[in-house]
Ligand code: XIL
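Just the one chain here, the form predicted on its own, laid out as structure tokens.
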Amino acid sequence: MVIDACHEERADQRPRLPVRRAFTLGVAGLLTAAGVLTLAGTASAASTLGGAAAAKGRYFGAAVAANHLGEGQYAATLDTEFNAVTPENEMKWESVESSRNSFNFGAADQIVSHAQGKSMKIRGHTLVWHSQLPGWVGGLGATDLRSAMNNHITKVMQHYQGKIYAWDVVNEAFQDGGSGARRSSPFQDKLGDGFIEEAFRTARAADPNAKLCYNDYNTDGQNAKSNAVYAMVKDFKARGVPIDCVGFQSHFNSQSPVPGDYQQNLQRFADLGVDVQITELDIEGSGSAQADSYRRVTQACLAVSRCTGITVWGIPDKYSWRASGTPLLFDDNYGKKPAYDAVLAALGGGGDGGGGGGGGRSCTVSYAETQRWGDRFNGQVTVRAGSSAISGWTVTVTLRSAQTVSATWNGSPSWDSSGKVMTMKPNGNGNLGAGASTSFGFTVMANGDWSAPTIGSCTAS
């Protein structure tokens, strides 16, 4: 099945699936002035995707939407697990220059600032693309269009100069199918084949230190489309056109699986003298089949020395452009899926394993409501060690918007800046033998919402 990546780029414009409620819970302390969420420091580097990738000399990133950064569990998972970000929509032409030469970087700046605060790499996405293009661009004649394109590249790149690790300079310029021809677009139709080279030369002048990438989809195996991109990159390298990397979007499902020559295809591009990056990875499915596909993609990148990193196109399934296909590493409640365990293991990491399959120290949580009054209820979270003894545990709890916590016991809580996400650690009850359990509790002021708070997976230490 041919995947049209253009749909993915409008992720924020599609209706979202309702959040499935998890009936496992972590607990909070007395609700005081909100503190800083401490999840990012709870796991060793080898037990997170970003940490394990860094140990292999690579990054492991996620596409990020600015309007989700205020959600505590979203930000906590991003900060804990990833060491690179790509703005999902916020750097696209219609977002930053909806009117000619009038730039608005507010949402993109929010992502960049967040990432810089966590020392994450930032991929810029994207400068020249036929989609999500404001209408005024298509209405320009050739001379004005060339000027507008070069001005857009220059202004955007200079705004972020020194902050962006790599830019998708041109995105999806080739057609699908067997022809290997260029895609019809205002740039192709009015400026001709030379627009890609011109865009890359302009980009190099705007920020000489940023990596300059060409990015596309359905180029993951050797086929007419990938052959056309390969020929372009080979020509650019031979003529000194500045290109540093090629991005492979890698959107897979059962009709369009990971190709058997995936690694070999990455390697042939790397052999041209460019880095290769897996830029928008998601794989529809579930369970062991999905996990195996993620494992193979990760192993392929590790086997190619110039594969510098992997970016998954989102964090929890509920915010994916393909949400119904559950294509990401975290479920709607930010629980780690078997695919997560497979990726972490392929990266050589270990740790909690998200409640199963990790093979090392692990823990699971379960939740029960134990008492209810007219305006509040008590909850209890049971933490159970896996097949090995543990010396500590961490559990997150996300309250519903109306709820607050008035008391906690048998744990040491901290809160994120929203006051809705609590991170609970042991209070003298962290050492558990294999299969042993402990519990902590809390009182929730319902304020009209009696739903169980959402519980994150347990992290063992």
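Since the model is a prediction, treat every value here as computed from it, not as a measurement. The first residue of the sequence shown is number 1, and the count goes up from there.
Although not depicted, the form predicted in complex with the ligand is the subject of the following passage.
Proximity to the ligand in the model of the complex (heavy atom, within 4.5 Å), stretch among 329-337, 178-186, 246-254, 105-113: Going through the listed ranges, the match is 246-254.
Quick one: of Asn227, Gln132, Gln299, Ser388, which gets a non-hydrogen atom within 4.5 angstroms of the ligand in the model of the complex? The residue in contact is Gln132.
Which residue, Asp220, Glu284, Glu172, Asp317, is the contact with the ligand in the model of the complex, using a 4.5 Å heavy atom cutoff? So the residue touching the ligand in the model of the complex, by this definition, is Glu172.
Is the ligand close enough to Arg58, Trp167 and Asp275 in the model of the complex that each of the three has a heavy atom within 4.5 Å of it? No, because Arg58, Trp167 and Asp275 lack any heavy atom that approaches the ligand to within 4.5 Å in the model of the complex.
Report whether the minimum heavy atom distance between Asn89 and the ligand in the model of the complex is within 4.5 Å. Answer yes; at least one heavy atom of Asn89 falls within 4.5 Å of the ligand in the model of the complex.
Going by a heavy atom distance of 4.5 Å, is His125 a contact of the ligand in the model of the complex? Flag for His125 set to yes.
If you check in the model of the complex, is Tyr262 within 4.5 Å of the ligand, heavy atoms only? Heavy-atom contact with the ligand at 4.5 Å: absent for Tyr262.
Since only the chain is shown here, I'm wondering whether Trp321 would be in contact with the ligand in the model of the complex (any heavy atom pair within 4.5 Å). Residue-level check for Trp321: yes, a contact with the ligand.
Let me know which residues along 215-237 have a heavy atom within 4.5 Å of the ligand in the model of the complex, or say none if there are none. Heavy-atom contacts to the ligand in the model of the complex: only Asn215.
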